[in-house]
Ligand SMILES: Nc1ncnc2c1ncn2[C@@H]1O[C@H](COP(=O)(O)OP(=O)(O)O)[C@@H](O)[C@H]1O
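Heads up, the chain below is alone and in the form predicted alone; it's given as structure tokens.
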């Protein structure tokens, strides 16, 4: 049986969906079979992020309504043979997804794939409560290093606890090492401590992520720091002891010291 993980955030705009697709690719490249379930009904994005929009015929709601079977709704990623997607419906509403139907789908996927990553809609509305079924083995909370996101992550953890989901592990996204060095941004380890969560990984702000989105590419195909960070997270999920980079704690080189000086003069 595979491992089912909810990937959730208290607020939108923290990069949760982008990280979900990247993490699936990283796991697939480590010989793990992975299925992404896009559960953001009405606002699906994974098919676009993964470049398979034209291949989607059936979606999650079609399977839930028994309009097709699970296998028919899966889209395999070109060039990533171990990664599949079950897309969200663009035209349904979250309230139309029945919790028992969703649990049935996840149970079947769990028997087929090593990892099932559920890309949850942002927030803690009814849709998240439906997704947190007994088939879920754990969760990953994604937040950015700002007060609003941290506060919402705390509330997310409370909802998951109410639904008897195992305490999530944390990914802190969009870290800026220079701002951390300047004392204007909290390090990832401090945020994890504040939330009382295990730090699964930290991902730096990286312009290559946006470049990839603009050019319809996957940033995991680029030689960039964000891709390396996600690869490390995938290795930790697989049980490997990989040291955290602790962005902002390393000694600055000459160019970084100049940048820091200019930053603090603003």
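Because the structure is a prediction, the values reported are computed rather than measured. Positions refer to the first chain, counted from 1.
Only in words, not in the display: the form predicted together with the named molecule, which the text now covers.
Asker: Answer with one of 50, 209, 234, 197: the residue that has a non-hydrogen atom within 4.5 Å of the named molecule in the model of the complex.
Answerer: Flagged contact: 209.
Asker: Does the 4.5 Å heavy atom contact test between residue 245 and the named molecule in the model of the complex come out positive?
Answerer: Close contact is absent here: in the model of the complex, residue 245 is far from the named molecule, nothing within 4.5 Å, heavy atoms only.
Asker: Is residue 203 one of the residues lying within 4.5 Å of the named molecule in the model of the complex, judged by heavy atom distances?
Answerer: Yes.
Asker: Does the named molecule come within 4.5 Å of any heavy atom of residue 213 in the model of the complex?
Answerer: Answer yes; at least one heavy atom of residue 213 falls within 4.5 Å of the named molecule in the model of the complex.
Asker: Might residue 174 be said to contact the named molecule in the model of the complex, defining contact as any heavy atom within 4.5 Å?
Answerer: Within the cut-off, so yes.
Asker: Choose one stretch from 166 to 174, 88 to 96, 184 to 192, 104 to 112: the one whose residues place a heavy atom within 4.5 angstroms of the named molecule in the model of the complex.
Answerer: Careful reading of the contacts points to 166 to 174.
Asker: Counting only heavy atoms, which residues in 1 to 38 are within 4.5 Å of the named molecule in the model of the complex?
Answerer: The stretch touches the partner through 12, 13, 14, 15, 16, 17, 18.
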